[in-house]
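There is one chain below, alone, in structure tokens, taken in the form predicted on its own.
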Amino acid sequence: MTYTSFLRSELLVLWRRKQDVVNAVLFFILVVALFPIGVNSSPEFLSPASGGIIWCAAVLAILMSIEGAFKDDYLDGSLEQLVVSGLSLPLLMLLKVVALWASVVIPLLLVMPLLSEMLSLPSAAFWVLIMTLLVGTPCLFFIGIIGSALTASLKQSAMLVMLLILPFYFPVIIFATSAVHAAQVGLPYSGLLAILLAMSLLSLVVSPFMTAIAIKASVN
């Protein structure tokens, strides 16, 4: 097995289990669509809150997609094979996150124009929202994959994963929604985007090693 073949196999597995990704995307759309119906449908309310609504829905969708990232691999023995494969386990974990991120975030970005219109998001803030999702969601996946690896051997782990990683998501949500709001009111937002990018880069460096340690602990 090579790194390229591993990435290809991960993408193939995600394609075969595309129902999980579809469920996460549909959940994201439903949360965003039901919010105006259940709370307030006026543009005066939705426009300032649109960034927060979309980001909260995105976080929930990511939690859904990442909770069982290692379940099947643990049950069929694939995790043990990765540990003894002789390849760099942190790099394999990085490739797994890349495949998972692409399979979830790209569909979310494709439906974003429709949802932004539904929430009366100004066009000037729309592209800022897209940038926050591009630079902020990798951090969510890198943090979430650690929690998923820690609970891979547990049967009922969904709530535990959420309790473990959700507090670490709060800074990302705060800076992302602040950037969107700053764009809406005409304030500079580049510093907030830089902070999001720095958080993603930091998680990129730390997360693969922490995930590899958690995988070894779960396997043993």
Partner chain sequence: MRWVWFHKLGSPKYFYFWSKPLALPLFFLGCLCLVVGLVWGLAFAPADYQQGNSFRIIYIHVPVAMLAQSCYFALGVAGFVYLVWQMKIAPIFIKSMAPIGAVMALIALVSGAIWGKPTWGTWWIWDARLTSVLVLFLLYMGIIALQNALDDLVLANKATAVVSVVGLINLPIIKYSVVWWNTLHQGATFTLMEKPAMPAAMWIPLLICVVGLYCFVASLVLWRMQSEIMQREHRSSWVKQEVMYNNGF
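Numbering follows the first chain given and starts at 1. Please read all numbers here as calculations on a predicted model, not as lab measurements.
As for the form predicted together with its partner chain, it is not shown, yet the points below apply to it.
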(request) Could you tell me if all three of Ser153, Pro171 and Val206 have a heavy atom no more than 4.5 Å from its partner chain in the predicted bound form? (result) yes
(request) Quick one: find which of 25-33, 162-170, 42-50, 55-63 has residues within 4.5 Å of its partner chain in the predicted bound form by heavy atom distance. (result) 162-170
(message) Can you pick out, from Val21, Val13, Met210, Leu197, the residue that has a heavy atom within 4.5 Å of its partner chain in the predicted bound form?
(response) Met210
(request) Name the single residue among Ile146, Met93, Leu140, Leu121 that comes within 4.5 Å of its partner chain in the predicted bound form, judging by heavy atoms. (result) Ile146
(request) Decide whether Phe175 counts as a contact residue for its partner chain in the predicted bound form under a heavy atom distance cut-off of 4.5 Å. (result) yes
